[in-house]
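Presented as structure tokens, the chain that follows is alone, the form predicted on its own.
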């Protein structure tokens, strides 16, 4: 018998009273206006969320928001302002000095402004190396809370995925908030 089994056997022998696991229910908030709540939550996390108007193109929005950007990386089809297609690069290091990365998210979460991004590019460093991250999601894909988000992920097969909520940030022991400490300094979520 292993040490682990020996310890567990001693616990079983010396446990006189057992308690049933309590019944509980998740009390999550369902938002009537998920889009507004999501935009507010993104703003509170240090980012910005905008609803793309029908008369506006994603290209126009990216160029207007980041007029100084010289290196725009994206694998999204039809994005003419992209100067780099990340999947065509041999090494992730070639993405260094990326000004703006434009990526697709699968869905957003209204309660905290997080966006689920499964890896749909060759080099996942794209999500973290750019100075500014533009995440594009379908406005109909916003869910109310993380419980709903994890239900959506159940059964999905993905090698890598991440929830991103606003730009990178950290606060040290002195509670000095630093934006862009180890990732994007700017995060814009576009709902189309």
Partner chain sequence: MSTKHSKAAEKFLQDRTMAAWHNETLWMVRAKRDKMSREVPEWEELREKACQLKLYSNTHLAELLTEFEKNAAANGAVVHWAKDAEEYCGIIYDLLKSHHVARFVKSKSMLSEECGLDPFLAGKGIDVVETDLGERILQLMHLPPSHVVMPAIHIKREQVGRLFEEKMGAEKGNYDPTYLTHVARKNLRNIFLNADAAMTGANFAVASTGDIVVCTNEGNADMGTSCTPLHIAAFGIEKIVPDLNALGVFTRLLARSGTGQPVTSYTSHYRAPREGGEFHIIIVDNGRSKMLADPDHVKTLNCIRCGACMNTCPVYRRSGGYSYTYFIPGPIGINLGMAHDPERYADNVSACSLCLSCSNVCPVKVDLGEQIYKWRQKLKEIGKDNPEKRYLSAGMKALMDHPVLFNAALKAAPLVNAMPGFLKYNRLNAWGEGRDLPKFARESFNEMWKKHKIQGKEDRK
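Positions refer to the first chain, counted from 1. Not measured: the values here are computed from a predicted model. C-alpha atoms forming the largest set that superposes within 1.5 Å between two forms make up the rigid core.
There is another form of the same protein, the form predicted together with the partner chain; it is not shown, and what comes next is about it.
Undergrad: If you check in the predicted bound form, is residue 185 within 4.5 Å of the partner chain, heavy atoms only?
TA: Judged by the heavy-atom cut-off of 4.5 Å, residue 185 is in contact with the partner chain in the predicted bound form.
Undergrad: For residue 128, is any heavy atom within 4.5 Å of the partner chain in the predicted bound form, or not?
TA: Although the partner chain is absent here, residue 128 would touch it in the predicted bound form, with heavy atoms inside 4.5 Å.
Undergrad: Classify residue 164 as contacting or not contacting the partner chain in the predicted bound form by the rule of any non-hydrogen atom within 4.5 angstroms, answering yes or no.
TA: Result yes; residue 164 sits at the interface with the partner chain in the predicted bound form.
Undergrad: If you check in the predicted bound form, is residue 112 within 4.5 Å of the partner chain, heavy atoms only?
TA: Yes, contact at 4.5 Å.
Undergrad: Have a look at 50, 146, 35, 61 for me and say which one sits with a heavy atom within 4.5 Å of the partner chain in the predicted bound form.
TA: Going through each option in turn, the one that passes is 146.
Undergrad: Under the 4.5 Å heavy atom criterion, name the residues of 78-101 that approach the partner chain in the predicted bound form, in sequence order.
TA: 92, 93, 96 sit within 4.5 Å of the partner.
Undergrad: After superposition on the rigid core, does the Cα atom of residue 11 shift by at least 2 Å between this form and the one not shown?
TA: Yes; residue 11 is a residue whose C-alpha shifts (by 2 Å or more) between this form and the one not shown when the cores are overlaid.
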